[in-house]
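One chain comes next, on its own, written out as structure tokens in the form predicted on its own.
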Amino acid sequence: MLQRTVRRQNVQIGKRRWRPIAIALLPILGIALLYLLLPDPGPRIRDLPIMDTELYPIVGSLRAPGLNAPLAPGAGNSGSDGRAAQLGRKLFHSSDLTPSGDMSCASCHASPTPLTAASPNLPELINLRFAHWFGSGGDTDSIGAASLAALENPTHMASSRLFIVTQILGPWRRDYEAVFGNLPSELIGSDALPSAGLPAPPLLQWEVNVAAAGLASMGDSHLLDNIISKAIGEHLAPALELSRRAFDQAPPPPGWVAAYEKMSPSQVAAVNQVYANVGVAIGSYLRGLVAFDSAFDRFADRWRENIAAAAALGDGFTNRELIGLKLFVGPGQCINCHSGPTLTDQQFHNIGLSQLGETIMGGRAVGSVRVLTNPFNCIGPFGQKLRREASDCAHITTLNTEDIRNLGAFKTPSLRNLAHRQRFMHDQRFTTLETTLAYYNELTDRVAIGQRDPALRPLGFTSEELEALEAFLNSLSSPVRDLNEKSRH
């Protein structure tokens, strides 16, 4: 009897000893069971089976051309081209071209050297010599024409054609004539030109089918209701109201158009000739600004001398950047649009951003109409001179303004020199590269207008993969080099 009692007590004591241990082990056992039941989350960075033999030619296609060799037709400035570039540089940095006298082109765009930006919200004007269209919607087709449009744009330089020409007739006359010869006789010894003036802006609108497609694809129901209500109130077709908003632009100051129209036809032609040469000069300068000495470019150069990509790592391009590059060309398929040395296909795509504010961002559907009505486009009397190369202008003569795929499509931006940017996308909605990549990772926005490019798919990257991709993109930044410097002496 005594032995049974002792045994029973020992069992009870044992149970009391194991009870806290069992209680402590229960959460651990629960987590282990949950881990076994849940699906495998997979690696933080997926396996990227991209062989060096496959990656090498891609890296070569993204590497910039040698800066000691011609970069493009007409590359390198010498003779009159070099003098035009020198004049363009002075004009670009001068505040003489605006009536206020407190703004220059360089005030808002990055300074070439060193790599600093007066306004990080705007892209640097680099590698433009490789571009075919200018502006997010392709409103112009040459660097020179884009410069002239910016000078007269009320939301940019807010200057006027007559003001700039009167400046050329005055303080800039010697510099101008040293490059382009004597000023037109129609402007010398004649009645004084008005101090400000420009031609009336053309009344632009979409074709009915484009505007109708825009209404049907409008992603913001409140904005759509507002457009329809206003159209009904003013007895307009809703498509016409949409078109009017898409081409909306602040009117010029009172009297500017009237002053321009008072000139004789010969004076108008002479003014346009001088104004076009201003675009030639600024365009010649901007053609010389390039940025192709990034950590990625140095990696590409080292790889040419090594057998494997891993042996070329270093100097700002480590294994993390290499993983980002593989994600860029592999599962991300970013290279489909961001290709070539400037990492842009020069085309227009609707990436499906939602509406931001009440402005109708028509993109290429607006730009294609604007470029055709621009008097300084390729088929205009000064087009060939502004482009700095001979062209059959097929890009203009075959342009289809009724292509509804242009609705909400914007030019693929270059990925060069992103590291110093503080605003991203055509409407500058994102303030970091991280948030920009987060958008592409999910693509959950409701498209503002038009249809999202069907080739665009959510990246679906992990946070570690996004960090690697961002590291690669940051490796594409480099100091800006001015190729015009060699022609100054």
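Counting begins at 1, following the sequence as shown. Source: prediction; values computed, not measured.
As for the form predicted together with a small molecule, it is not shown, yet the points below apply to it.
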Option touching the small molecule, based on a heavy atom within 4.5 Å in the predicted bound form, out of R83, R320, K230, H156: H156
Contact assignment for the small molecule in the predicted bound form, among I45, L443, L433, L55, heavy atom within 4.5 Å: L433
Residue stretch of 252 to 260, 278 to 286, 293 to 301, 217 to 225 approaching the small molecule in the predicted bound form, non-hydrogen atom distance within 4.5 Å: 278 to 286
Every residue of L87, F180 and F382 near the small molecule in the predicted bound form, heavy atom within 4.5 Å: no
Non-hydrogen atom contact D453 with the small molecule in the predicted bound form at 4.5 angstroms: yes
Proximity of A64 to the small molecule in the predicted bound form, heavy atoms at 4.5 Å: no
Contact label in the predicted bound form: K411 to the small molecule, heavy atom within 4.5 Å: yes
Contact label in the predicted bound form: G332 to the small molecule, heavy atom within 4.5 Å: yes
